[in-house]
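Next up is one chain by itself, shown in structure tokens, the form predicted alone.
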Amino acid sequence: MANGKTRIAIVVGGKGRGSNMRALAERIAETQDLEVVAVVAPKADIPAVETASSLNLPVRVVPVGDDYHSRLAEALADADWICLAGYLRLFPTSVLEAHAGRVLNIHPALLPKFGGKGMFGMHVHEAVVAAGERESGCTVHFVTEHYDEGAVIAQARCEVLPSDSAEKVAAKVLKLEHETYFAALRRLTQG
């Protein structure tokens, strides 16, 4: 904590649009006690970095490659909490240990269903529709060394109609993600 504010780092992946990062950052900016100290990205030329720059957020580019884990740890050293947003790799154990119990992720399904390696983005929503599920939603969870296996912090649900396409489910879930991620972070940072 610096200047009385809890420092949040948001780690994005190389494929997403950055909408969860944007929603989280905008809500954090409305508070008096939280601040985004870094948006960490694997490349500079991705939509999430463009979005972060438009919000005047500090961006740190950490390319995946040799010594990635130590460079990522360095980029996150100042953070009190880390929020993953579209990050699709297993998070380095060394960083998890340095920030024990303070690394969060949001998943576009009701874990433990439709989680694990390869279950991200439209793959999740297509699987939900194919399985004939009548509800879906999102899950905020603690990050561990395994995909989507950390303790659940919060879930939000929406109805899946028989006529819903995967795209329709994705739109419903994304709206929930934007509301739920900040609420979960807020609850945790307030103790």
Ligand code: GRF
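Counting begins at 1, following the sequence as shown. Everything numeric here is computed off the predicted structure, so don't read it as measured data.
A second form of this protein, the form predicted together with this ligand, is not displayed here; the remarks below concern that form.
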- Query: Ok, 95, 79, 110, 106: which has a heavy atom sitting within 4.5 Å of this ligand in the predicted complex?
  - Reply: 106
- So in the predicted complex, does any heavy atom of residue 180 sit within 4.5 Å of this ligand? no
- Message: If we define contact as a non-hydrogen atom of the residue within 4.5 angstroms of the partner, is residue 172 a contact of this ligand in the predicted complex?
- Response: no
